[in-house]
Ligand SMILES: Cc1cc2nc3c(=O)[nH]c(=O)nc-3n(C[C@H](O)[C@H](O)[C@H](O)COP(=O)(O)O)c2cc1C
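Here we start with a single chain on its own, the form predicted on its own, put down as structure tokens.
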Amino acid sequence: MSNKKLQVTLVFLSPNGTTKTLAKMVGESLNDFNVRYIDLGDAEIQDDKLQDIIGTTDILGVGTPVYHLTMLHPIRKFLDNLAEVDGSHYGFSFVTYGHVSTGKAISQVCKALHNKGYGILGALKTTAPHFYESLDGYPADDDYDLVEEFVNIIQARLENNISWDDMNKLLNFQPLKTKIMYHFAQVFARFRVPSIKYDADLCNQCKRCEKVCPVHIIDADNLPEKGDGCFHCYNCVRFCPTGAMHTDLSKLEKLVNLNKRIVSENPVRAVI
């Protein structure tokens, strides 16, 4: 198969920028392809326009950070709304996670693409800092090496397709403990994360929180009310210049450290 003219579209959501960085690394390594990027956090992209773009895509890469052992809800919605395609279209997933576990995120993305008719080329996982951690040192040299390996595998599998049965076996890499914890995480995660509080006296109506919310559910004029869909990326807290939006980050750090001890993943970086 000639890959000279194939169109690759990388769709992702990246609240703290690390998954976007990974998408750029993958795209820049796909030298023999036409590559475009779609950030689902971009409010300018309408659903009908998005589907038109996807309709002209030969290879669709979908990237998500991992929250509570699963992909982000907007990524799930995007995959649910995908039109079915024939066997000449391909897909892959790439995920970032905060040194805890990728959970079911990788297999969920690949299975959703497979169910829409995409041939699955593989998946890539790598660790990235949490939003409250410094981005110094990210991406690491190992990440660049991993992306190069991943792109080589994608190109090889375009020539010699891997069957879904074989791909599905590779995706089933999580230990039983993680699979069990996944179900608990979906039920109890929202009760364990620290809530976001709002102090009207500190708010200067800069509306920065509106701009940085990746799911666009904040209307600064109606705070503390928010729309549905918050997955606690804490961008509104991170970028609030006055501290009007705030939370107890020490509680979040303790929660993450506990999760690392329970369901840490090895190897931390891998091509599937």
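Residues carry their position along the shown sequence, with the first being 1. Predicted model, so just to flag it, every value in this text is computed and none were measured.
There is another form of the same protein, the form predicted together with this ligand; it is not shown, and what comes next is about it.
Just to be sure I understand the contacts: of Ile120, Leu82, Val147, Ala128, which is the one whose heavy atoms reach within 4.5 angstroms of this ligand in the predicted bound form? Checking each option against this ligand in the predicted bound form, the one that comes within 4.5 Å is Ala128.
So this ligand isn't shown here. In the predicted bound form, which residue out of Ile38, Val26, Ile59, Leu69 has a non-hydrogen atom within 4.5 Å of it? Contact residue from the list: Leu69.
Stretch from 139-147, 96-104, 83-91, 160-168 whose residues place a heavy atom within 4.5 Å of this ligand in the predicted bound form: Stretch 96-104 is the one.
Going by a heavy atom distance of 4.5 Å, is Phe33 a contact of this ligand in the predicted bound form? The answer is no: Phe33 has no heavy atom within 4.5 Å of this ligand.
Heavy atom to heavy atom, is Thr9 within 4.5 Å of this ligand in the predicted bound form? Because no heavy atom of Thr9 falls inside 4.5 Å of this ligand in the predicted bound form, the answer is no.
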